[in-house]
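Only one chain is included here, represented as C-alpha coordinates and corresponding to the form predicted on its own.
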Amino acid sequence: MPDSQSIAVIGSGAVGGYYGGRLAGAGHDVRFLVRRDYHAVSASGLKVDSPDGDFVLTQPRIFKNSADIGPVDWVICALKATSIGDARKLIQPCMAPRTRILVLMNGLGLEDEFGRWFGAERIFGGLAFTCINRGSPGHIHHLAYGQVTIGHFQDNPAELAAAMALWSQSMVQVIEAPSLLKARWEKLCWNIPFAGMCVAAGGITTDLILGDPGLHSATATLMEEVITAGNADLKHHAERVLIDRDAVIDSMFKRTSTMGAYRPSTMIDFVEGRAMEIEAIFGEPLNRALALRTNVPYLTLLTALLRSLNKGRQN
(Lines give C-alpha, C1' and ligand atoms only; values in the text may rest on other atoms or scores of the structure.)
Protein backbone atom coordinates (compact mmCIF):
# COMPACT_ATOMS: atom_id res chain seq x y z
CA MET A 1 0.00 0.00 0.00
CA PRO A 2 1.38 3.45 -0.87
CA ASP A 3 2.43 5.81 1.90
CA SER A 4 -0.31 7.90 3.45
CA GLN A 5 -0.40 11.46 2.17
CA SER A 6 -1.83 14.54 3.83
CA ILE A 7 -4.54 16.13 1.69
CA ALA A 8 -6.48 19.37 2.08
CA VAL A 9 -9.85 19.43 0.30
CA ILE A 10 -10.71 23.03 -0.47
CA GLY A 11 -14.35 23.08 -1.49
CA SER A 12 -16.08 20.22 0.31
CA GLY A 13 -19.34 20.17 -1.62
CA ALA A 14 -20.62 17.15 -3.50
CA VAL A 15 -17.48 16.62 -5.59
CA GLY A 16 -14.90 17.51 -2.96
CA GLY A 17 -16.72 15.60 -0.25
CA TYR A 18 -17.12 12.46 -2.33
CA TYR A 19 -13.59 12.20 -3.68
CA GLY A 20 -12.06 13.35 -0.41
CA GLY A 21 -14.08 10.66 1.32
CA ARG A 22 -12.78 8.01 -1.05
CA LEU A 23 -9.19 9.11 -0.40
CA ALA A 24 -9.81 9.02 3.34
CA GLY A 25 -11.10 5.48 2.91
CA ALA A 26 -7.81 4.62 1.20
CA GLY A 27 -5.92 5.57 4.34
CA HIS A 28 -4.86 9.13 3.54
CA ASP A 29 -4.95 11.97 6.07
CA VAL A 30 -7.74 14.04 4.49
CA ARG A 31 -8.61 17.43 5.95
CA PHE A 32 -11.80 19.04 4.70
CA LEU A 33 -12.40 22.80 4.60
CA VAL A 34 -16.10 22.92 5.51
CA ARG A 35 -17.89 26.20 5.92
CA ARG A 36 -21.59 26.01 5.12
CA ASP A 37 -22.20 22.51 6.52
CA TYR A 38 -19.64 22.54 9.35
CA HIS A 39 -22.06 22.02 12.24
CA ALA A 40 -24.02 19.27 10.47
CA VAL A 41 -20.88 17.33 9.50
CA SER A 42 -19.41 17.82 12.97
CA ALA A 43 -22.54 16.35 14.54
CA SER A 44 -23.35 13.54 12.12
CA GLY A 45 -20.30 12.93 9.96
CA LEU A 46 -20.09 12.82 6.17
CA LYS A 47 -22.52 10.36 4.59
CA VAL A 48 -22.24 9.19 0.97
CA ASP A 49 -24.76 7.06 -0.95
CA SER A 50 -23.03 5.48 -3.93
CA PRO A 51 -23.54 2.62 -6.39
CA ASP A 52 -19.88 1.80 -5.69
CA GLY A 53 -20.65 1.31 -2.00
CA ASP A 54 -22.22 3.61 0.59
CA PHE A 55 -19.96 4.89 3.32
CA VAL A 56 -19.91 7.23 6.31
CA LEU A 57 -16.95 9.14 7.72
CA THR A 58 -18.14 9.34 11.32
CA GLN A 59 -15.41 11.71 12.45
CA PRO A 60 -13.91 13.40 9.40
CA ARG A 61 -11.18 15.95 9.95
CA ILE A 62 -13.05 19.18 9.24
CA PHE A 63 -11.95 22.78 9.60
CA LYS A 64 -13.64 26.15 9.30
CA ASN A 65 -10.58 27.85 7.85
CA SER A 66 -7.57 26.66 5.90
CA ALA A 67 -5.06 28.25 8.30
CA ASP A 68 -6.06 25.55 10.80
CA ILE A 69 -5.51 22.82 8.19
CA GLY A 70 -1.86 23.80 7.78
CA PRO A 71 0.69 22.60 5.18
CA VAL A 72 -0.09 19.35 3.37
CA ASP A 73 1.32 17.11 0.64
CA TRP A 74 -1.63 17.67 -1.69
CA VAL A 75 -4.36 20.24 -2.10
CA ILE A 76 -7.50 19.21 -3.95
CA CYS A 77 -9.34 22.34 -5.01
CA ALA A 78 -12.96 21.48 -5.75
CA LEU A 79 -14.42 24.97 -5.57
CA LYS A 80 -16.95 26.18 -8.09
CA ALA A 81 -15.28 28.23 -10.80
CA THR A 82 -17.40 31.17 -9.61
CA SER A 83 -15.21 31.17 -6.48
CA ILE A 84 -11.89 31.28 -8.33
CA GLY A 85 -11.24 34.69 -6.76
CA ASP A 86 -11.12 33.04 -3.32
CA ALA A 87 -8.95 30.08 -4.29
CA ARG A 88 -5.52 31.60 -3.79
CA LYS A 89 -6.11 32.86 -0.25
CA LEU A 90 -7.82 29.62 0.77
CA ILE A 91 -5.00 27.43 -0.55
CA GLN A 92 -1.99 29.50 0.51
CA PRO A 93 -1.96 28.41 4.20
CA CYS A 94 -1.83 24.77 3.05
CA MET A 95 1.27 25.19 0.91
CA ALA A 96 4.66 23.70 1.75
CA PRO A 97 7.76 23.63 -0.51
CA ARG A 98 6.68 20.37 -2.19
CA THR A 99 2.88 20.66 -2.04
CA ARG A 100 1.08 19.66 -5.23
CA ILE A 101 -2.35 21.01 -6.26
CA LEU A 102 -5.07 19.10 -8.11
CA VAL A 103 -7.59 21.48 -9.70
CA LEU A 104 -10.77 19.37 -9.62
CA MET A 105 -12.99 22.02 -11.19
CA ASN A 106 -15.00 22.55 -14.36
CA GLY A 107 -13.84 24.88 -17.10
CA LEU A 108 -10.91 25.92 -19.23
CA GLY A 109 -7.83 27.97 -18.32
CA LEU A 110 -8.02 27.31 -14.58
CA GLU A 111 -4.62 25.65 -14.35
CA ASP A 112 -3.05 28.71 -15.99
CA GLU A 113 -4.26 30.81 -13.08
CA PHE A 114 -3.07 28.34 -10.44
CA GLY A 115 0.28 28.07 -12.20
CA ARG A 116 0.78 31.83 -12.00
CA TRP A 117 0.02 31.76 -8.27
CA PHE A 118 1.93 28.69 -7.13
CA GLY A 119 4.22 27.52 -9.97
CA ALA A 120 3.21 25.47 -13.00
CA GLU A 121 5.25 22.44 -11.96
CA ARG A 122 2.96 21.89 -8.92
CA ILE A 123 -0.32 21.98 -10.82
CA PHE A 124 -2.54 19.12 -12.00
CA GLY A 125 -5.98 19.15 -13.56
CA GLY A 126 -8.70 16.70 -12.58
CA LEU A 127 -11.86 16.05 -14.59
CA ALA A 128 -14.62 14.12 -12.89
CA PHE A 129 -17.14 12.41 -15.16
CA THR A 130 -19.80 11.64 -12.60
CA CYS A 131 -23.43 12.10 -11.67
CA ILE A 132 -23.30 13.54 -8.19
CA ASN A 133 -25.39 15.99 -6.18
CA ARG A 134 -25.45 17.40 -2.66
CA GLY A 135 -28.43 16.41 -0.53
CA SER A 136 -29.12 17.56 3.01
CA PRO A 137 -26.12 19.03 4.89
CA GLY A 138 -23.40 16.40 5.19
CA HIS A 139 -25.15 13.99 2.79
CA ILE A 140 -23.89 13.36 -0.75
CA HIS A 141 -25.74 11.40 -3.44
CA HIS A 142 -23.36 9.75 -5.91
CA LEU A 143 -25.70 8.49 -8.62
CA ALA A 144 -23.52 7.01 -11.39
CA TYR A 145 -20.08 6.91 -12.97
CA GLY A 146 -17.30 8.55 -10.95
CA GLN A 147 -14.10 8.20 -12.94
CA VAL A 148 -11.53 10.98 -12.76
CA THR A 149 -9.15 11.91 -15.55
CA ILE A 150 -5.93 13.50 -14.29
CA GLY A 151 -3.23 15.35 -16.18
CA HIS A 152 -0.19 17.39 -15.23
CA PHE A 153 -0.25 21.04 -16.31
CA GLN A 154 3.17 20.67 -17.97
CA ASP A 155 2.38 17.10 -19.12
CA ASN A 156 5.30 15.74 -17.05
CA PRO A 157 5.04 11.90 -16.99
CA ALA A 158 6.91 11.55 -13.67
CA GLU A 159 4.61 14.03 -11.95
CA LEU A 160 1.58 12.34 -13.46
CA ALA A 161 2.74 9.01 -12.01
CA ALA A 162 2.85 10.60 -8.54
CA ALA A 163 -0.74 11.80 -8.95
CA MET A 164 -1.92 8.38 -10.09
CA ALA A 165 -0.27 6.71 -7.07
CA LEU A 166 -2.29 8.92 -4.72
CA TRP A 167 -5.52 7.30 -5.89
CA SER A 168 -4.31 3.72 -6.23
CA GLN A 169 -6.28 2.31 -3.25
CA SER A 170 -9.24 4.69 -3.42
CA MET A 171 -11.97 2.72 -5.27
CA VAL A 172 -12.02 5.57 -7.81
CA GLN A 173 -11.25 4.75 -11.43
CA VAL A 174 -8.51 7.18 -12.43
CA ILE A 175 -7.39 7.69 -16.02
CA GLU A 176 -4.12 9.26 -17.11
CA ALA A 177 -4.31 12.24 -19.46
CA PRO A 178 -1.02 12.61 -21.35
CA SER A 179 -2.45 15.91 -22.67
CA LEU A 180 -4.33 17.88 -20.01
CA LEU A 181 -5.52 20.43 -22.58
CA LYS A 182 -7.13 17.71 -24.69
CA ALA A 183 -8.80 16.23 -21.61
CA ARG A 184 -10.21 19.65 -20.65
CA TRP A 185 -11.73 20.13 -24.09
CA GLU A 186 -13.19 16.62 -24.10
CA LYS A 187 -14.95 17.32 -20.80
CA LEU A 188 -16.32 20.53 -22.32
CA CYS A 189 -17.82 18.40 -25.10
CA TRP A 190 -20.35 17.31 -22.46
CA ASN A 191 -20.55 20.34 -20.18
CA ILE A 192 -21.16 22.97 -22.84
CA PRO A 193 -23.91 21.27 -24.87
CA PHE A 194 -25.74 19.38 -22.14
CA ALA A 195 -25.42 21.74 -19.18
CA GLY A 196 -25.89 24.72 -21.46
CA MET A 197 -29.02 23.39 -23.12
CA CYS A 198 -30.51 22.27 -19.79
CA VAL A 199 -30.36 25.92 -18.69
CA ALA A 200 -31.30 27.48 -22.03
CA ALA A 201 -34.40 25.29 -22.27
CA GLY A 202 -35.64 26.63 -18.94
CA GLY A 203 -34.05 24.35 -16.33
CA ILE A 204 -34.76 20.87 -17.67
CA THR A 205 -33.05 17.51 -17.18
CA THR A 206 -30.84 15.69 -19.68
CA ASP A 207 -33.43 13.04 -20.54
CA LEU A 208 -35.75 15.74 -21.90
CA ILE A 209 -33.01 16.98 -24.21
CA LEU A 210 -32.45 13.48 -25.56
CA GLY A 211 -36.19 13.00 -26.06
CA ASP A 212 -36.80 16.22 -27.97
CA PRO A 213 -35.65 16.11 -31.61
CA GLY A 214 -34.97 19.85 -31.82
CA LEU A 215 -33.01 20.01 -28.57
CA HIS A 216 -31.16 16.81 -29.43
CA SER A 217 -30.10 18.27 -32.77
CA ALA A 218 -29.01 21.59 -31.24
CA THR A 219 -27.00 19.75 -28.59
CA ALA A 220 -25.23 17.69 -31.26
CA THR A 221 -24.41 20.83 -33.25
CA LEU A 222 -23.01 22.50 -30.13
CA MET A 223 -20.87 19.45 -29.47
CA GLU A 224 -19.49 19.56 -32.99
CA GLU A 225 -18.59 23.24 -32.53
CA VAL A 226 -16.81 22.50 -29.24
CA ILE A 227 -14.80 19.75 -30.91
CA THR A 228 -13.85 22.06 -33.79
CA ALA A 229 -12.81 24.80 -31.36
CA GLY A 230 -10.93 22.34 -29.17
CA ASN A 231 -8.95 20.93 -32.06
CA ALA A 232 -8.07 24.44 -33.23
CA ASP A 233 -6.81 25.25 -29.72
CA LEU A 234 -4.83 22.01 -29.54
CA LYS A 235 -3.14 22.80 -32.85
CA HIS A 236 -2.44 26.33 -31.66
CA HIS A 237 -0.65 24.91 -28.62
CA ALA A 238 1.32 22.48 -30.82
CA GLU A 239 -0.32 19.44 -29.21
CA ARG A 240 0.23 16.19 -31.08
CA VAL A 241 -3.21 14.78 -30.28
CA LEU A 242 -6.65 15.84 -31.43
CA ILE A 243 -10.21 15.03 -30.37
CA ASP A 244 -11.82 12.19 -32.30
CA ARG A 245 -15.10 13.80 -33.39
CA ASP A 246 -17.18 10.68 -34.09
CA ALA A 247 -15.95 8.73 -31.06
CA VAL A 248 -16.57 11.59 -28.63
CA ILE A 249 -20.05 12.41 -29.93
CA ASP A 250 -21.06 8.76 -29.79
CA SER A 251 -19.65 8.33 -26.27
CA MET A 252 -21.24 11.50 -24.86
CA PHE A 253 -24.73 10.68 -26.10
CA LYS A 254 -24.54 7.02 -25.07
CA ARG A 255 -23.38 7.88 -21.55
CA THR A 256 -26.02 10.54 -21.16
CA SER A 257 -28.75 8.10 -22.21
CA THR A 258 -27.94 6.00 -19.12
CA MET A 259 -28.17 8.91 -16.65
CA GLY A 260 -31.95 9.19 -16.53
CA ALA A 261 -33.40 12.56 -15.47
CA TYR A 262 -30.03 14.03 -14.54
CA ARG A 263 -29.64 17.61 -13.29
CA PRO A 264 -26.23 19.08 -14.21
CA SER A 265 -24.73 21.34 -11.55
CA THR A 266 -25.04 24.39 -13.81
CA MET A 267 -28.76 23.74 -14.17
CA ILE A 268 -29.13 23.27 -10.40
CA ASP A 269 -27.42 26.63 -9.83
CA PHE A 270 -29.77 28.20 -12.39
CA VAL A 271 -33.03 26.93 -10.91
CA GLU A 272 -31.87 27.68 -7.35
CA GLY A 273 -30.92 31.25 -8.21
CA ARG A 274 -27.15 30.98 -7.70
CA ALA A 275 -24.36 32.28 -9.92
CA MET A 276 -23.46 29.84 -12.70
CA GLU A 277 -19.95 28.92 -13.85
CA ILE A 278 -20.41 30.69 -17.16
CA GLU A 279 -17.00 32.22 -17.85
CA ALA A 280 -14.91 29.14 -17.10
CA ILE A 281 -17.17 26.65 -18.89
CA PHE A 282 -18.53 28.76 -21.76
CA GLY A 283 -16.75 32.12 -21.90
CA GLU A 284 -13.13 30.99 -22.06
CA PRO A 285 -13.77 28.31 -24.73
CA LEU A 286 -15.68 30.89 -26.78
CA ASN A 287 -12.89 33.45 -26.39
CA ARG A 288 -10.33 30.94 -27.65
CA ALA A 289 -12.53 29.88 -30.54
CA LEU A 290 -13.06 33.47 -31.68
CA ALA A 291 -9.36 34.33 -31.27
CA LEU A 292 -8.54 31.43 -33.60
CA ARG A 293 -11.23 32.51 -36.10
CA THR A 294 -13.28 29.38 -35.55
CA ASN A 295 -16.92 29.58 -36.64
CA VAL A 296 -19.04 28.76 -33.57
CA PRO A 297 -22.46 30.44 -34.00
CA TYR A 298 -24.36 28.14 -31.61
CA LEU A 299 -21.73 28.54 -28.89
CA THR A 300 -21.71 32.31 -29.41
CA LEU A 301 -25.49 32.52 -29.04
CA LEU A 302 -25.64 30.13 -26.08
CA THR A 303 -22.91 31.99 -24.18
CA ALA A 304 -24.61 35.33 -24.73
CA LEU A 305 -27.89 33.91 -23.42
CA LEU A 306 -26.25 32.34 -20.36
CA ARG A 307 -24.34 35.52 -19.55
CA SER A 308 -27.61 37.43 -19.63
CA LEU A 309 -29.33 34.88 -17.37
CA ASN A 310 -26.39 35.01 -14.98
CA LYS A 311 -26.43 38.78 -14.41
CA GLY A 312 -26.94 39.82 -10.82
CA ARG A 313 -26.64 36.33 -9.36
CA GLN A 314 -24.52 35.80 -6.26
CA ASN A 315 -22.34 32.83 -5.25
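In this text, rigid core is short for the largest set of C-alphas that superpose within 1.5 Å between two forms. Numbering starts at 1 and runs along the sequence shown. The structure displayed is predicted, hence computed values, not measured ones.
Just so it is clear, the following notes concern the form predicted in complex with a further copy of the same chain, a form of the same protein that is not shown.
Taking the partner as it appears in the predicted complex, which of 89 to 97, 139 to 147, 67 to 75, 193 to 201 has residues with heavy atoms within 4.5 Å of a further copy of the same chain?
It is 193 to 201 that comes within 4.5 Å of the partner.
Out of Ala14, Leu302, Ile10, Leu23, which one falls within 4.5 Å of a further copy of the same chain in the predicted complex, going by heavy atoms?
The residue from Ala14, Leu302, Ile10, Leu23 that makes the contact is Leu302.
With a further copy of the same chain left out of view, choose which of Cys131, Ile243, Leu215, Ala163 has a non-hydrogen atom within 4.5 angstroms of it in the predicted complex.
When a further copy of the same chain is considered in the predicted complex, the option within 4.5 Å is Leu215.
With a cut-off of 4.5 Å between heavy atoms, is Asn315 one of the residues that contacts a further copy of the same chain in the predicted complex?
The answer is no: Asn315 has no heavy atom within 4.5 Å of a further copy of the same chain.
4.5 Å heavy atom contact, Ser4 and a further copy of the same chain in the predicted complex:
No, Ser4 stays farther than 4.5 Å from a further copy of the same chain in the predicted complex.
Could you list which residues of 282 to 300 come within 4.5 Å of a further copy of the same chain in the predicted complex, counting heavy atoms only?
Contacts from 282 to 300: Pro297, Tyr298, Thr300.
Did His141 shift 2 Å or more between this form and the one not shown, C-alpha, core superposed:
No, because once the rigid core is superposed, the C-alpha of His141 moves less than 2 Å between this form and the one not shown.
Does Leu234 show a Cα shift reaching 2 Å between this form and the one not shown after rigid-core superposition?
Stays below the 2 Å threshold, so no.
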